[in-house]
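Listed next as structure tokens is one chain, alone, in the form predicted on its own.
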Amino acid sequence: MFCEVYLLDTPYHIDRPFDYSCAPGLIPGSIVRVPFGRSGRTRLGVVTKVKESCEIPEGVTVKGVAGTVSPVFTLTEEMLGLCFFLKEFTLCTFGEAVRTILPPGAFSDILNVRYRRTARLILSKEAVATLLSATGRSGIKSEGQRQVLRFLMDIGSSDFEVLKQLPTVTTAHINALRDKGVIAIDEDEEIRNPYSEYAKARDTSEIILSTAQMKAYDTIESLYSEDKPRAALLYGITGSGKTKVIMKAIDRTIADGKSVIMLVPEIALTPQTVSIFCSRYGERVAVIHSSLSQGERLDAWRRIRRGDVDLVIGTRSAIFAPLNNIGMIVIDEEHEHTYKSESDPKYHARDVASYRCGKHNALMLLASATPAVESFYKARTGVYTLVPLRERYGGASLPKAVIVDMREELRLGNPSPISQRLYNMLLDVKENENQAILFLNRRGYSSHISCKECGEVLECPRCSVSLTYHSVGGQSSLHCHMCGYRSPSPRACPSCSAEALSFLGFGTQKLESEMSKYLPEMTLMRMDADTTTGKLAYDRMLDDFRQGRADILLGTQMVAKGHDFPRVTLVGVALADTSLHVSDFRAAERTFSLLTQVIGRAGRATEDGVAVIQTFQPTNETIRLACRQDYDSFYEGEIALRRELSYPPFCDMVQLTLTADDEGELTRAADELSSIVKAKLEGEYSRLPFVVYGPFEAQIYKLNEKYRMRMMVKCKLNSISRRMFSEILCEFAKNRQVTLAVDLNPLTV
């Protein structure tokens, strides 16, 4: 017997199946160890095909499979298909696809399984009492053993680790009692699930929908009932109750014996979603995201694979959950950029969801108050079914948005990032025992430091970006938010030695400091990447705020979307126009979405909400439309602009990025890449519509001590154009000093 094997760690230009001889019984999807190369070094690979014969050139000996890895991780037919899908549609290697689909630790020689040992009495209590009172050889002399027996006589059985906590008791004492036949030690597999507590608060109440919600649900149910691949966009304003509609659809799907994947864009949204769904579906829910330990993710994956799970909730990687019989995949806040991977394979969860729904005849349900322009275009043109929800649940009104001109604040002598109007409204929140959210999409204390004498801006030595000033507990330091570089904050300018450093701009740390100065009577909680480094830190912080342990939640975009805090009546936005100045055709879309989402956090219960939008561009149309929560008008203007300039969805975009340690090598490689692309487009692929820009320096030219240049290509992606980019990747693989990365439809241009 022979098999075709893809190696897991191989460069793109030789990423193809290799033939090996194998014993009968090996099946496609098996993870195997195979010798490779002249040295015969053992490598990991995946069997993709088993066959009875293969063409062997004369004088060549086919090597044999050396062994297999745990059958627990054998890829199913669908999982193999997913790997080939990722390889073709993202131009990654087969091995990169496999490592993305399987959980961390899948390739270890030892399966990371934890067992809980329990000791229990075998003999009756009377027999044990006799042993304890007997003298001579028939009695129990060891005090440690006697303590164990007395303890077990009271409760019958106990966890092994609890027994070891008894005074003078050791593992040897417990094992000795087992060897004497007095106790038994049972080993049960322990499933690591940090969200198990959520399942204890069961909620079996009927979901009551409003008239508008019921209409939306009926549309979704009819699409699901067709038992064909379908896609719908649940487009509902903030606070319209999209989650209730989704829950009703999940109820129906699970009742039919099918399974569901529900994606959320960020870990910060996971605890809220998990608490809602675990209370409804109990232990049949699994959670997958990157903040879980390797063992926790492994256990979740194994529960799913065994069929113990009906609903998987998680961030982007949960789209690969090994569920059978999928009935629906939900992508909540579908517009979020976090659904696109920035490392190989550079997949978008929406594309993978579409593929899996096609294989399972399932429904892909996208949900958002501010859909991606591309998604809304598909809904308008009939590719997706548009399911609108245009009113807030329970008769609640949309928040009133107030625009504050920060230029006027400066003229009035207020240099603070908090306007007088926002300050007064925060006092009202405290007086009325409500809560507020303050949003600033910039962490740290000061965004950059410059010298007043020579004008030098302190930059990261590894990246071409300015360093951010941080101050925590009286300790100050400079951080690079791109590569992680840190250094002590200098007292003098590194260039001219003048002690004239100016700290400019502000982030969440400085805003926190300002708030404590102006509103000392209010309790503030800061939530950003610096305060949520611990395990489950998001969960604890959000729960604390929901329980009323803080008056104000200050944070970056992780506080801006998806949360439902009933007592929040005020939202304040500092520097609302910052994201408008990014050199990206999606800048207006991202700004509109972010502002709309954060404004929508206010007034979601009985009391009306207010949003204060502070900006230096009060007349900007994007900001004004966001304040009115008018997505339809924003979309009409944005889609017209994209049609005129031929941007997605009217074309596809491909980003080619060159990276090198040496600038000279990078320049030569850029010329070489330009020549290769030009030759392709003037030759075999001349009939394809292409527009090429560059090469040019990347927006961040130097990143982590590597220099980068890019080319952008507008085209229509299909099997032919993908083949061209694949050929370019293969040709460039010969250059050992420069790497080439290809990103199809990147979210940041």
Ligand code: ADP
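When you see a residue number, it is the position in the sequence shown, counting from 1. Keep in mind it's a predicted model, so treat the numbers as computed, not measured.
Keep in mind the form predicted together with the ligand is missing from the figure; the text below concerns it.
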{"property": "Which of 126 to 134, 482 to 490, 235 to 243, 257 to 265 lines the interface with the ligand in the model of the complex (heavy atom within 4.5 Å)", "result": "235 to 243"}
{"property": "One residue of A172, A679, L412, I208 in contact with the ligand, assessed in the model of the complex (non-hydrogen atom, 4.5 angstroms)", "result": "I208"}
{"property": "Heavy atom within 4.5 Å of the ligand in the model of the complex - residue from S341, Q145, S375, Q213", "result": "Q213"}
{"property": "4.5 Å heavy atom contact, Y393 and the ligand in the model of the complex", "result": "yes"}
{"property": "D564 within 4.5 Å of the ligand in the model of the complex, heavy atoms", "result": "yes"}
